[in-house]
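Taking the form predicted alone, here's one chain by itself in structure tokens.
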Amino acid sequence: MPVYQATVSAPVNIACIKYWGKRDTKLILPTNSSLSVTLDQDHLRSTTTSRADPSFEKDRLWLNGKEEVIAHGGRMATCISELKRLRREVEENNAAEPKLSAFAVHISSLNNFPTAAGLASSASGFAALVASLAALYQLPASPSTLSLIARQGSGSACRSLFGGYVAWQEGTAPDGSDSLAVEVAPREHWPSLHALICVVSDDKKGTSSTSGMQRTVETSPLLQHRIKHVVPERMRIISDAIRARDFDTFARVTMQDSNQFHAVALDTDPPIFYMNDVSRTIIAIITEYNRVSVAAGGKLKAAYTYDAGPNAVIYAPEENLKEIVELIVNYFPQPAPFKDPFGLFGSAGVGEGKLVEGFNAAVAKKFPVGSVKNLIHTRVGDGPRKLDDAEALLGPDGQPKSLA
């Protein structure tokens, strides 16, 4: 009997214009549009294998080797049932197609980075789930169509169905049919944008994004101003900046929106604090780095952004990354040598870091080793990738392969 199986990897995305707040919690319809950069799967990804088989007794899912409950009516179950529905349409239109929609599925998913650490693991995870089932079922669906389903698993997952620069349009339809992801520009349009992720904490967040944003919707007057007056204009400006490869404008809007997102969290009652002293120090360092550039007649050279957590993502043109890494390492000595996937430092390595000329060292104090646990250097990347059977996460028996 044939094996019906597909393995797909999907990327992390980090928003420049933040999604924060739902107008419909079941369908995950956002209060505002958002925009993100997809990061390279060579460094950060979720990989998912899906298999359909008549011998399987029920749908089952394993995440990083541990079985998870697929709760009836929950987000996972919703995504699976929606994809089975689309498969049934394929089967109804072609009687020769095997009736995969009637089979239970086994799904195994693996993240190569910490889950629930503010690195958008749910986004890449649900995108990989949806993309792998769509590949298994051979669905004739566009990434935007699939994004409608991924959105119901995790809102930001809809953006991980594209590479490059991606907008999630809030939409207006009550059924969510126009709340989907679209490509602003492919990776190839502006491939020189890089990112440095500063992992400040890989602990689970004290206030989850889901509960945090609902509290904000219910209690923050600032959020209402943001939705009505701020985000629409920022979406237009940053989309134009991406198309023009205008990093100065991209950086300014990205930092402004990160700041306002955390102001909205602070405006929530009771307030929500996602950043910590390390997070705020990184802001001071990047602000000073940009001040030096502008004072010398240049433009902004880096942009920080923070999601719902303390980890910093620093966007910059590739040519600035060496200086940025040296600055961060100067203030945050690393517990292990910096992994240098792009060969910025050659055989010498980054050493103890250093400041750029004219930089005011007093803007921050040096922190103990391990205050920033890890630095991940990556860049803008592509959308979901179909992988071959050698990379499958399920064994011949339909159970997860050993992670050892």
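A residue's number is simply how far along the shown sequence it sits, counting from 1. Just so we're clear, the structure is a prediction, and the values are computed from it rather than from any experiment.
Just so it is clear, the following notes concern the form predicted in complex with another copy of the chain, a form of the same protein that is not shown.
Listed residues V292, L193, L86, M275 were compared with another copy of the chain in the predicted bound form; M275 is the one with a heavy atom within 4.5 Å. Between another copy of the chain and the residues P140, P98, P221, P174, the one pair within 4.5 Å by heavy atoms in the predicted bound form involves P221. E326 falls outside the set of residues with a heavy atom inside 4.5 Å of another copy of the chain in the predicted bound form. With a 4.5 Å cutoff on heavy atoms, H225 counts as touching another copy of the chain in the predicted bound form. Within 4.5 Å of any heavy atom of another copy of the chain in the predicted bound form lies no heavy atom of K354. Using a 4.5 Å cutoff between non-hydrogen atoms, P271 counts as a contact of another copy of the chain in the predicted bound form. Partner contacts here mean any heavy atom within 4.5 Å of another copy of the chain in the predicted bound form, and among 105-113, 75-83, 254-262, 89-97 they occur only in 254-262.
The candidate site formed by Y315, N320 and H377 is entirely out of contact with another copy of the chain in the predicted bound form, as no residue has a non-hydrogen atom within 4.5 angstroms of it. Residue Y304 is the only one in 291-327 with at least one heavy atom within 4.5 Å of another copy of the chain in the predicted bound form.
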